[in-house]
Every structure is written in structure tokens, then in C-alpha cells.
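First, one chain by itself in C-alpha cells, the form predicted on its own.
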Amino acid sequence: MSELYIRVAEEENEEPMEIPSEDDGTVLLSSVAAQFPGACGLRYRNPETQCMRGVRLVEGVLHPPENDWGNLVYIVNYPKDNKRKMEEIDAATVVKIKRGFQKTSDLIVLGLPWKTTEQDLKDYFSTFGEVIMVQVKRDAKTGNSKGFGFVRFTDYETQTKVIAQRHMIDGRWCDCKLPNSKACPDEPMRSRKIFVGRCTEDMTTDDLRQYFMQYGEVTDVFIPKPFRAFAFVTFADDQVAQALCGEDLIIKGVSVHISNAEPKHNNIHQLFPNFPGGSASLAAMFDRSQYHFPSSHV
């Protein structure tokens, strides 16, 4: 009988591999095991009964069913105990990888003092663990710091520890978190918007827009009417907005305070008790404008 190849696969739905037969038409188990390590036999599905049948194995030699391998696809048999152990080992390996080798991410560092350098950041965060990367974001034209930066650690546990606490960097409290984190349910609504307190009546929307454009693209400026000594500025980049929060800035010779704008106005009557029309009128105005009061203002 001339040499032929039989089709062998690890599972029924997988692409088969051709295994060479011997001159007498048999197939050596060692030939199968060379392509499928650990194989101990072959089986096939009977076309008539659709049941699985085993291929006869004698002293390491596989014999064709009814003296003809035909055009069937033969499935590899493995020792059950060995296969189970391999599956358990694979599962344990996956768990170990998930627990011990979780990938770290770039963390955004918010509220950095303008004077903080990348070396300052590296020196500070190296006390927690090995630092892969630090970066202070700077204005492309002036080279001045934008008040925030990024840090990345080698170890995931170090990253978790850093996120869980506040950090005093160059005399100022800073926060670390995953960029665009939704840990706070209010974050998506307030992240790009800031509350500008202590405004004066001679400040126009154009004045505020021109001033804040030095930090990043400004998409909207809102000054309520009648004038209430505050305004809202919305940036295209939420990181710019968060970096400015907590700052006291000088606009037209006046010190203004920047804080978060939150989607809450349940205490409007406490903040502005003398507003014409009462708290309901003020709340309606802010609902229409889609702007909201911060948790605190100065």
C-alpha cells in the first residue's frame, strides 16, 4: 500500500493537520505525538451512527478502521488525568497573572504648583516605588506648566497605594487618579467646567475667554444675569479644568478663586438668600443655562 496522509485535529471543529502513514497503511502513535504532544490515541465520528469510535492501537501502531483511513478527520485522544492537570495548571496560571501582574496605567497628577519640575515629581513619587515615567504638561508656546502632569509606576500595588491618598508636593496638596476616572458620579458633568468666584462687573465674557485661553481651548463662558459676582468657564480638555481648581488668579487686577462646578443646587437659597424671585427663580435660571453651583465658593 502506498504512503498516504490522514487528517488529524485536536478538536472536531479545529483545522486538521496531515500525518504521514507507514508503507503498510498504519500510522505510528509517535508520528501523531510529534505534532500533538501527549497524544495516546485517535478517535473518529462514525458517519452512520454519529457516535465516536476509537482507532485500534497495538504496540504503538494505529490501524485504519476497516483497512481504510478514508476521508475522515481523526481526533486526538489524551490521557484524562494529564489533560485535567494541564487545564488546572493553565487556570492557576491565569489567576496568578491577573493577581500578580496587572498592568499599570499613566496617572494624572492634578493641582501641581507651577514651579514643580519633572525631576521634582520623580523624586517625590520614587519614595513609593519604581517610577517608569514622569511628565509635567506645559504650554506649547510659553513652556509654562499647565498645573498638572503624569506619572507611571512599575508595580500595580504601588499605583493603587498612590491613588488612595493625597500628596503634598512642593507645599501644595495634589491628587492622583486615572485619567477620565468616573470614581465620582458627578465627574462627567463637572470635569471640564470651572466656577470662577469673586468676579467684578467690568469683567466680560470676552475678558474671561481671552484670559483662560492661555491654559487651553475654551468652549464656553457664562456670566449670569443679573450679575452675581461669579462666572463659569468650560474647557475642551477636562484635565486643564481640574488643574486650575483651587487656584487664585489675577484677572484685570482682581483676585478670583477657581473651584469645581458641581451638578447640585439644593442649597441655592443658602448661598444666595436675597436673589430676586427667591431660590426657585435662581434654580430655574441655572437649569436653563445648564450651569450649576459648586459645593463651596469664595
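For every residue, the number given is its place in the sequence shown, counted from 1. Quick caveat: nothing in here was measured; it's all calculated off a predicted structure.
FYI, the form predicted in complex with the DNA isn't displayed, but the following is about it.
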Contact residue in the predicted bound form, from 133, 164, 168, 213 (heavy atom within 4.5 Å of the DNA): 133
Which residue, 251, 245, 229, 28, is the contact with the DNA in the predicted bound form, using a 4.5 Å heavy atom cutoff? 229
Since only the chain is shown here, I'm wondering whether residue 259 would be in contact with the DNA in the predicted bound form (any heavy atom pair within 4.5 Å). yes
Partner proximity in the predicted bound form: residue 209 to the DNA, non-hydrogen atom cutoff 4.5 Å: no
Can you check whether residue 74 is within 4.5 Å of the DNA in the predicted bound form, heavy atom basis? no
Answer yes if any heavy atom of residue 79 is within 4.5 Å of a heavy atom of the DNA in the predicted bound form; otherwise answer no. no
Quick one: which of 104-112, 154-162, 122-130, 215-223 gets within 4.5 Å of the DNA in the predicted bound form, going by heavy atoms? 104-112
Pick out the residues of 195-227 whose heavy atoms come within 4.5 Å of the DNA in the predicted bound form. 195, 198, 227
